[in-house]
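Only one chain is included here, represented as structure tokens and corresponding to the form predicted alone.
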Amino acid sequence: MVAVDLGGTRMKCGLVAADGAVLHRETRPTPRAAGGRAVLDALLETVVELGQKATADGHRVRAIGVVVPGIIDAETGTVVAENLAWAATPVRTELVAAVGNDVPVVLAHDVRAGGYAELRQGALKGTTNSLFLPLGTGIAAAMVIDGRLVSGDGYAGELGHSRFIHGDAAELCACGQWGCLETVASAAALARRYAARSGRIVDGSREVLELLAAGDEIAAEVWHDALNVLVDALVLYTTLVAPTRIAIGGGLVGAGETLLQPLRDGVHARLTFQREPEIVAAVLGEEAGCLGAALYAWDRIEELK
């Protein structure tokens, strides 16, 4: 099984056996600065070369799973992904053309794939109503409702583009709306908002968290803002869907209980009649998307039997 998780910065790739064992893993750069065509060409090259490696190692490629960010048209296999410079890009058609019709190709959303992996093998295992919420460069969600992941024809789960900030405090989001959750609570937002307030460029959210631990007041302010809107989002989602467990992933989960306990406390204080969810850290880390790609691909094989 060839599995590729295409991100805005890196592609996480692997060869996965039927029992879930990872036979090979590697990371390649995503040439985003070179434009959308270059990104697509790099993806196609990666998939072909991984297939060749599998064959050279004595394995047969049964299927190919590729997961990407953005909005995926389930019928046509086209993708709109701003951070990859893709606008209705025919990704699935190009993949099939590159590998041929003999090997099934599955194209899926990266966050839903990560959520599927957490549901099958990770922090959401055993749940029927739950949420996977990675907090990274952006924010999207994988929603498990009545035991099934919701795709919404490729549009579901964009919690990061829900408006939670109003008035003068609202910032313009990349999606074109003002005051989105992602503008305050994503890892990218933490670094950007700290730099704007302090005049100091930082090395991503990791450095903001280090400054927070050291007692930096501006880091504490932007962290407090992020926690407040995350609590708002989790309370709204809990009221609407009643998850029993919420698994937080992405880069910010590296903050551990500095993130998780305030979220638990904030949600607990805000709920009245609603069922309170358990809030935990996702467990599969950066491999969740790639593993989810492999699981989706194996599911396709089972469907074709």
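The first residue of the sequence shown is number 1, and the count goes up from there. For clarity, every value in this text was computed on a predicted model and none was experimentally measured.
Just so you know, the form predicted together with another copy of the chain exists too; it's not on screen, but the next bit is about it.
Enquirer: Heavy atom within 4.5 Å of another copy of the chain in the model of the complex: which of N129, S198, T137, T89 fits that? Just give me the one.
Expert: Checked against the cut-off, the match is N129.
Enquirer: So which of A169, A220, A97, C175 reaches within 4.5 angstroms of another copy of the chain in the model of the complex, heavy atom to heavy atom?
Expert: Selected option: C175.
Enquirer: On the criterion of a non-hydrogen atom at 4.5 angstroms or closer, are V184, Y194 and E286 all touching another copy of the chain in the model of the complex?
Expert: No: no residue has a heavy atom within 4.5 Å of the partner.
Enquirer: Is H224 near another copy of the chain? Define near as a heavy atom within 4.5 Å, in the model of the complex.
Expert: Although another copy of the chain is absent here, H224 would stay clear of it in the model of the complex, with no heavy atoms inside 4.5 Å.
Enquirer: Any chance T27 has a heavy atom within 4.5 Å of another copy of the chain in the model of the complex?
Expert: Looking in the model of the complex, residue contacts with another copy of the chain do not include T27, since no heavy atom lies within 4.5 Å.
Enquirer: Under a 4.5 Å heavy atom criterion, is V150 part of the interface with another copy of the chain in the model of the complex?
Expert: Contact check for V150: yes, within 4.5 Å of another copy of the chain in the model of the complex.
Enquirer: Can L240 be called a contact residue for another copy of the chain in the model of the complex at 4.5 Å between heavy atoms?
Expert: L240 belongs to the contact set for another copy of the chain.
Enquirer: Choose from 117-125, 138-146, 72-80, 208-216 the stretch whose residues reach within 4.5 Å of another copy of the chain in the model of the complex, heavy atoms counted.
Expert: Comparing against another copy of the chain in the model of the complex, the contact stretch is 138-146.
Enquirer: What residues of 265-288, in sequence order, lie within 4.5 Å of another copy of the chain in the model of the complex by heavy atom?
Expert: Stretch hits, in order: R270, T272, F273, Q274, R275.
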